[in-house]
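A lone chain, given as structure tokens: the form predicted on its own.
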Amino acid sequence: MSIRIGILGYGNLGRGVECAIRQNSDMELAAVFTRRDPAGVSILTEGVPVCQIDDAAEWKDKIDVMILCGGSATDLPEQTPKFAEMFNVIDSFDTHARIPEHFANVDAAAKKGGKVGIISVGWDPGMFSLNRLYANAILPEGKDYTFWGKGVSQGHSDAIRRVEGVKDAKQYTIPVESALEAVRNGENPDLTTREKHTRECFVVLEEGADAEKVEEEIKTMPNYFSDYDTTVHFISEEELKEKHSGIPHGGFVLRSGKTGWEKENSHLIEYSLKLDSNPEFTSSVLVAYARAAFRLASEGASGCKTVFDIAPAYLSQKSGEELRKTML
């Protein structure tokens, strides 16, 4: 039996989920839900309905897992708890400072509905989170370092686009190279948020917008830009399309640690990603965790989970026997 997937929100992330479903033979796309006029939304999969988001409740018994593809700034804090009462859900909520609050809200809703909700799925939070946990468990004496980029952050770009006066925007997160090299060299530096990354924003203004006011609002935005050296460039719509149409990203998780009776031996664990398409990779992680949500729900589980709570075998199409034979 195929796992029936619903996609809620059909932007870059939603399209990525649709593509990922095609690569997973145990899944099928059941429906796409949008706030736009469904008649104006063209999807890639033939024969699959596009529905108004307000009609989602009618699909309660026709969808096994709903993948929520909205933004973390305003969409997911409202949508994930709402839909977790009706469906098993997955989201990519990535405002790290608000994850405990979001978890509590989704947990209450999912338990009320007897459903499974897996939040903050992607590569950070997500795959990077797992690597931080593994490295900490293995090297308890050590230091963690995470560097993002250079690449486009969807969440930060979305946050800029919600600023009054902004027509469109792209934001690049850029590691400070000297800081990254110091970690790789085993220097174990103490780095502030500002010393690890810079943020570069390319912004198209609405006609008549106050550039100074927009720049100030971006640079002082809590959880997004206030703790970083941020540069804002105002450019034309044409330049944004010509030079900033891609969505690459990547980054590094490192832990530098010591072992031995006198901590005489040094070790460096490094996990890295180089992504042509941030949303398509994130979507692929979401789809793998949708399989886990389906399996957990089938076993009678309910409530909110994160990547920390999911056994790796739940992500794979392969059976336990196949995994032990081919990957262990």
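The first residue of the shown sequence is 1; numbering continues from there. Every value quoted in this text rests on a predicted model; they were computed, and no experiment measured them.
In what follows, reference is made to the form predicted in complex with another copy of the chain, a form of this protein that is not presented.
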Stretch in contact, per heavy atom within 4.5 angstroms of another copy of the chain in the predicted complex, of 295-303, 257-265, 34-42, 61-69
257-265
Does another copy of the chain get within 4.5 angstroms of any non-hydrogen atom of residue 54 in the predicted complex?
no
Given that the partner is absent here, does residue 136 sit within 4.5 Å of another copy of the chain in the predicted complex, heavy atoms only?
yes
Contact of residue 316 with another copy of the chain in the predicted complex (heavy atom, 4.5 Å)
yes
Can you tell me whether residue 11 touches another copy of the chain? I mean in the predicted complex, with a 4.5 angstroms heavy atom cut-off.
no
Consider the chain as shown here, without its partner, and state which of 103, 172, 148, 145 has a heavy atom within 4.5 Å of another copy of the chain in the predicted complex.
103
Picking from 230, 79, 154, 131, the single residue whose non-hydrogen atoms come within 4.5 angstroms of another copy of the chain in the predicted complex is 131
Is it the case that 73, 196 and 242 all touch another copy of the chain in the predicted complex, with a non-hydrogen atom of each within 4.5 angstroms?
no
Where, within 79-99, is there a heavy atom within 4.5 Å of another copy of the chain in the predicted complex? Residue list please.
96, 99
